[in-house]
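Below you will find one chain, with nothing else, as structure tokens; this is the form predicted alone, and questions on how it binds or moves follow later.
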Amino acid sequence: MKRIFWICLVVLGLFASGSALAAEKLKIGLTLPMSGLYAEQGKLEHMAMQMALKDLDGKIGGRPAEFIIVDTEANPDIAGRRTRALMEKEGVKFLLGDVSTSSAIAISTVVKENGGLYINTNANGDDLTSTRAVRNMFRIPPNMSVMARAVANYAFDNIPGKKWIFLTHDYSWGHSGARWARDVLKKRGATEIGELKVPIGTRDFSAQLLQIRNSGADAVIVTVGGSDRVALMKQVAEYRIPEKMVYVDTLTNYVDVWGLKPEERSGFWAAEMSHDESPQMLEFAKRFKAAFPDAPSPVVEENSYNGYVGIMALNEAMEKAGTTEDVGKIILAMEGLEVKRNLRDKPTYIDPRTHQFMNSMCVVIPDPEAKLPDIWKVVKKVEAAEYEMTEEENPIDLRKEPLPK
């Protein structure tokens, strides 16, 4: 009888602790740039994450969830410090967000130290799934090997002249875009005239555009982001660069370009997705506009899309793992997961070796006759696997790293 009594006590204790855990809200940390260079992108991510949680009836992994948001300011020092506070003071284990590759590296370092899980939603630099990859981090958007190689190959096939000049944001993401466009240049026999690097926060491109205009190039290959890109594209039109050469953007954010005048949009652009590429995307775009009529973008675009998919991926991984607490089991569940609620015609596969979400992307050209929200035409749709880094280019295998205890 005593043995039965103690067994009952243990069972009741486990039941009580499980019930308490289920009642306690799951804290999800959102590390987003709500101010600074990528403020609009961060706000769009947050909006779509709110929609995702609503679509899941307020639960992730079957457990009521709440978001705790911190502003990383697209600054790696601030991102690392505020991530540490989230984890060590708030007890957060699961984090999503950020646009800057440098900030994402800082966040992933802290997350690994504290045994958590981080899903990067909007940084494209190669480092995140290669030289700076960690098993505790996954990345949703295509890396720059996909984006830059896709649009550079399209440019090579559609521009008669083969002399290229580069204009590059001088940090890890910008270097990634130039690297893979240059890879196409070398393999296909184009000629590089030179490269002009600019720091984050550059708003006056007059000196660079004068050099570019007089360079004799047939194409300018651009990897410049955020508010800097908006300023650049206005000045590209002002300096009449399209009369001299084709403007080729290795990664275009819809939110950066939809507000431009039609004459300020030109060239070939790499885009992670298009709001009209599937019925599910169109339906979500309508709901997004209705929910956030004053959003920085009139439709769902890559930042909001990736934020939405990040929440859905975490939910599906937790359901597969059967836990909302065991980080190691959830990481294992994400490796090789096919994310079904992704607004596309087929699930998104997560590469278990690199932790890269394998999405498609689009090469687009501006449509001067289109009316908002349609500002471009999709001229080519590319599966990530076509241009993703090969194992020879990126030999990392994150499955060899130990799981968090």
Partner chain sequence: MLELSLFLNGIVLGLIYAAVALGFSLVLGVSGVINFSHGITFTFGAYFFLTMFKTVGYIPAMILSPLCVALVGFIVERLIIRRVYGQDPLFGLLITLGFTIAMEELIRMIYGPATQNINAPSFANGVVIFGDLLYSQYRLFIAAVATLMIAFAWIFTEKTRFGAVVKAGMFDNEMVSALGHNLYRLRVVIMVVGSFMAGLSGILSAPIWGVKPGMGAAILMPSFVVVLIGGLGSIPGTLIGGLLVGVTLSMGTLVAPRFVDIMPYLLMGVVVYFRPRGLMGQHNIVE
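Everything numeric in this text was worked out from a predicted model, so none of it was measured. Numbering follows the first chain given and starts at 1.
Not on display, but discussed next: the form predicted in complex with its partner chain.
Establish, in the predicted complex, whether Q280, K340 and E383 all lie within 4.5 Å of its partner chain, using non-hydrogen atoms for the distance. Contact check failed for every one of Q280, K340 and E383.
Region of this chain that lies against its partner chain in the predicted complex, out of 323-331, 308-316, 195-203, 133-141 [heavy atom, 4.5 Å]: Stretch with heavy atoms near the partner: 195-203.
Close approach of W258 to its partner chain in the predicted complex, 4.5 Å, heavy atom: Answer no; every heavy atom of W258 is more than 4.5 Å from its partner chain in the predicted complex.
Any chance L210 has a heavy atom within 4.5 Å of its partner chain in the predicted complex? Flag for L210 set to yes.
Taking 4.5 angstroms as the cut-off for heavy atoms, does Y239 touch its partner chain in the predicted complex? Judged by the heavy-atom cut-off of 4.5 Å, Y239 is in contact with its partner chain in the predicted complex.
Considering only heavy atoms, tell me if D276 and its partner chain come within 4.5 Å of each other in the predicted complex. Because no heavy atom of D276 falls inside 4.5 Å of its partner chain in the predicted complex, the answer is no.
Tell me, which of K289, K234, R182, K162 has a heavy atom within 4.5 angstroms of its partner chain in the predicted complex? Looking at the other structure, the residue within range turns out to be K234.
Can you pick the one in A39, I365, M358, L56 that has a heavy atom within 4.5 Å of its partner chain in the predicted complex? Exactly one listed residue reaches within 4.5 Å, namely A39.
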